[in-house]
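This document opens with one chain alone, in structure tokens, the form predicted alone.
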């Protein structure tokens, strides 16, 4: 049977068919749907972990027990999981262990353009890279086989375009893979220095065997030009780029498509290059393949033609190879859609208060990062998950009383559980008068509404332990913990000012569920009374997408408005009221 699947859906299908028993992940675009789709198979235990390090350690524990296991994350998540990753390379596995990492060229939803192939090289681990949904499923199954055959975790590199593009996939039945026996083996699994010294040569020996495997595996293949292949241009590529090359150049060039991108096949590359004319390596982000080819002494071109930054496309391939540009299928440019907080977003009221008071805001990763956008402009710094809480401590240690009463950290509930707790413990332990605002919207919002340890439901939506943020903050050593409703601007402002005035570290929990949650009841939409409105535009200061100007006066789109009331709290003339009271849209 065939089915049209996204790359992430196909990867999840591969987990099912390969007999995977456990998947532990942390949501991160563009990897999130792999775990969500895997959770639709009751045969697989699927969990959201608090962060990627915990997720990988959980998956390793399942592998140690003898079951096939997987872990999924985006590229920056692999930074968090790097600690166990490098050591699992030394220990090896019992049951097969597959680690998905999804790169994000062009940074559609990320803070950097990291190339995860470097992790495979540095950790001495095999990495495969599918170029479509069909390969995503097939490569996962082969990755498990490779993992168990070579006693190694295997990295599967996805990217935004492969993860979220669709094509037809042939479906198969789940194979019955028995749980392997667990045997106590201290020298293999206890990575004390004495044992680790013995394991390193084994890792190097494994890499040698994997290089031999790379020469003959069907993961790598050569496609010769239809005419005169001995003189044809030779293209070395992998992943998404392969699709672009095929669409632009078809059968007019020789193509070495690398499905296994670490370790690389030396003999295959030498033979391919010797039988081709000019050799060009085309790869997104860093010149990983190009540097390897050049290290073999093979003349080739790559980044001298193609950019280091951004995402490639058919147009980029044509342009950089000097081919004529095709006519645009559309007579006009599609207008850009800048990211903005949704109508009714609970974060909007909070950031309005922070901007109004000209506070320095140390930000974090999540929907609330959008508080940095116009017209609020309320965020000063965003680095990585959890950095707001750690960062404000260092900031206030240097500037002291000069800024600590005008500086706050803002972090989401899921991000706080991910890596904010340790920063808050550091604030309490090392003592800074820092105020941390936890924006609790009862969900992991930015990646598409995944549950987390603070909202009382697990990945499948079943009831689970709900961590009490107030009690947790007290347990971490914070005496002053207050809760406010960000729709209540005056109450929110008071809570923040009280926290800043407190002599010691303080936490404010800004609590209001995400307006897009299905279980959130919305109030009647609001409308502007033209008789009362004088066009002062105070309501425009919050940047709500439901409010726009018409003939110089604000109007509210009742199709978008959730009736949150934040805009009405800014109107001194009481010109904004509910349609439930008989107002007009």
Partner chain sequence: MKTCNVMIVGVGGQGTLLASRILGRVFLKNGYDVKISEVHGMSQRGGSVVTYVRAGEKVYSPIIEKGEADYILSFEKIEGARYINGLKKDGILVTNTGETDPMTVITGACEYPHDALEKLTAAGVKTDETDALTLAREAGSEKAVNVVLIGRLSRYFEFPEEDWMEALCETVKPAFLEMNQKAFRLGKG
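Positions refer to the first chain, counted from 1. Keep in mind it's a predicted model, so treat the numbers as computed, not measured.
Although not depicted, the form predicted together with its partner chain is the subject of the following passage.
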Option from 466 to 474, 117 to 125, 238 to 246, 411 to 419 whose residues, in the predicted bound form, bring a heavy atom within 4.5 Å of its partner chain:
238 to 246
Is the gap between residue 540 and its partner chain in the predicted bound form 4.5 Å or less for some heavy atom pair?
yes
Distance check, residue 232 to its partner chain in the predicted bound form, heavy atom within 4.5 Å
no
Does residue 132 make contact with its partner chain in the predicted bound form, using a 4.5 Å heavy atom cut-off?
yes
Is residue 325 near its partner chain? Define near as a heavy atom within 4.5 Å, in the predicted bound form.
yes
Can you work out which of 51, 29, 58, 527 has a heavy atom no more than 4.5 Å from its partner chain in the predicted bound form?
29
Just to be sure I understand the contacts: of 187, 403, 314, 208, which is the one whose heavy atoms reach within 4.5 angstroms of its partner chain in the predicted bound form?
314
Scan 344 to 371 and note down the residues that get a heavy atom within 4.5 Å of its partner chain in the predicted bound form; none is a fine answer too.
367, 369, 370
